[in-house]
Structures are given as structure tokens and as C-alpha cells.
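What follows is one chain in C-alpha cells, specifically the form predicted on its own.
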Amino acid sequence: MAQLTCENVILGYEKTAVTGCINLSLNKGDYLCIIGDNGSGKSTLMKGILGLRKPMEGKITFGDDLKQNEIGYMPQQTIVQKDFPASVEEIVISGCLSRSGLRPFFTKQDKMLADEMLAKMEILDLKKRSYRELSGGQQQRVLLARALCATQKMLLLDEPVAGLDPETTEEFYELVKRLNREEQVTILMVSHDLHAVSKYASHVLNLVKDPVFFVTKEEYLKLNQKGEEVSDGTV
């Protein structure tokens, strides 16, 4: 059974549709890049998958033992969030909250998991540092470690390399690729980076309003070669 399925899903606000009709099916270990014009509903789709926004039409279902609260989410960072006065360790371990229920404390297992994810992101030595003192690339690794504390199954990444320099961007992409290829973590990434789409994705969802299309990367690249409409909002 597919890990994530969207059937005729339309999302919006106050009875006004933001997305076109979305149909997609992802299996464990797939890597989906979500592209589209500004305002086409990329972040809104993320909220729908997380259960923060109910579809106006259609349904979103989960399979392969994936529960909605087992999805890791890495949102776009705001200026305020970049200056958040907390330690790296505090931010990363907060990713355990989604599955801790009403428990008002972190367990020894939570702390071990946080250390494991920090080590996986190669930033264990930064655990006592203030988050606001880190570079942009280090902060993104912290947020990715936090998302991994919530899940080892599926990650939603909303423009995770925005504002990073090319070298740091490539390092981040390689970390995500390793999680996807070696650990079979399913990736859904909103991106304007067509180079990343062609290099890393297994599937592409283009949210250009008419028509929305979901294809394999190979099909997407063929459409590009034919000069058909595959806009990501940047050209």
C-alpha cells in the first residue's frame, strides 16, 4: 500500500481554492519535489498533509504503517526564528513532542535520540551552542535533526535551502539524499531549484494551477526537453 495518497485533493482558505486538483501516490523511499508558481499552494499542501488544513475536496490517506503524527516537518525559516534564544539541544529534542502525548518531560530515550540525530547531521559538537549564534547552514542542520526526532519515515521540507550559499546548499542536499537513499526516508521537498529536481527527485508534482501534474522525474525531464509547460515560478 502507498505510504501517502492524495485523491482529487483541492486545498484553500475560506471557500477559495488555492491549489488545483491534486492526485499523487508515494511509496516508502520516494523523493518528491513540489514546484509551482508563487501562490500555487505548495506550503498549503504541506499543511494539508500534516493535518493542519482540511481539504476542501478529496482525501489524503496514509499507509505502510505511517501515522500523521509521524511526519517530520521543516518549515521555511523567518527572521524571528533564526534569532530564537534556545540551545541547539533544546530545539532538536523538541521534535519528540509530537509523539510524547501529555508527558511533560523528555525521557532518557528522547535525549539519546536527539544526540543520535545531531550526530547524523554531523553537529553533535554544537549541542550546547545557542541556535542564534550558528550559521545559516548549521541552523538548517539543526532543524533537520529536529524533524528527524519526530520521524524516521517521512520528511516535509519547505524550501530548506532558501538563503544558503551554493556550497552549503549542496552539502544540505547531500545530507537529505543520504537519508533518502540509505535509510529509505520518504522526502517531500518544496523547491524552486530545478537542478535539485533533476539530480535528486524520483517524482515531481507541478502545482501550476491548470493543469496540476504528478510525474516521475524521467517524465518531467522529457516534458522539459519538449518545451512543454513545466514552470517552477522562477522563469
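The first residue of the shown sequence is 1; numbering continues from there. Everything quoted here is computed from the prediction, not taken from an experiment.
The same protein also has a form predicted together with a small molecule, omitted here; what follows describes it.
Q: Given that the small molecule is left out here, which of G63, G39, G29, G58 has a heavy atom within 4.5 Å of it in the predicted complex?
A: That would be G39.
Q: T44, T169, S191, N180: which sits within 4.5 Å of the small molecule in the predicted complex by any heavy atom?
A: None of the other options qualify; the answer is T44.
Q: Is there a heavy atom of V212 lying 4.5 Å or less from a heavy atom of the small molecule in the predicted complex?
A: Output for V212 is no: heavy atoms all beyond 4.5 Å of the small molecule.
Q: I'd like to know whether V9 contacts the small molecule in the predicted complex, with contact meaning heavy atoms within 4.5 angstroms.
A: Residue-level check for V9: no, no contact with the small molecule.
Q: Under a 4.5 Å heavy atom criterion, is V18 part of the interface with the small molecule in the predicted complex?
A: Yes, contact at 4.5 Å.
Q: Heavy atoms within 4.5 Å of the small molecule in the predicted complex: which of the stretches 31-39, 170-178, 194-202, 63-71 has them?
A: The contacting stretch here is 31-39.
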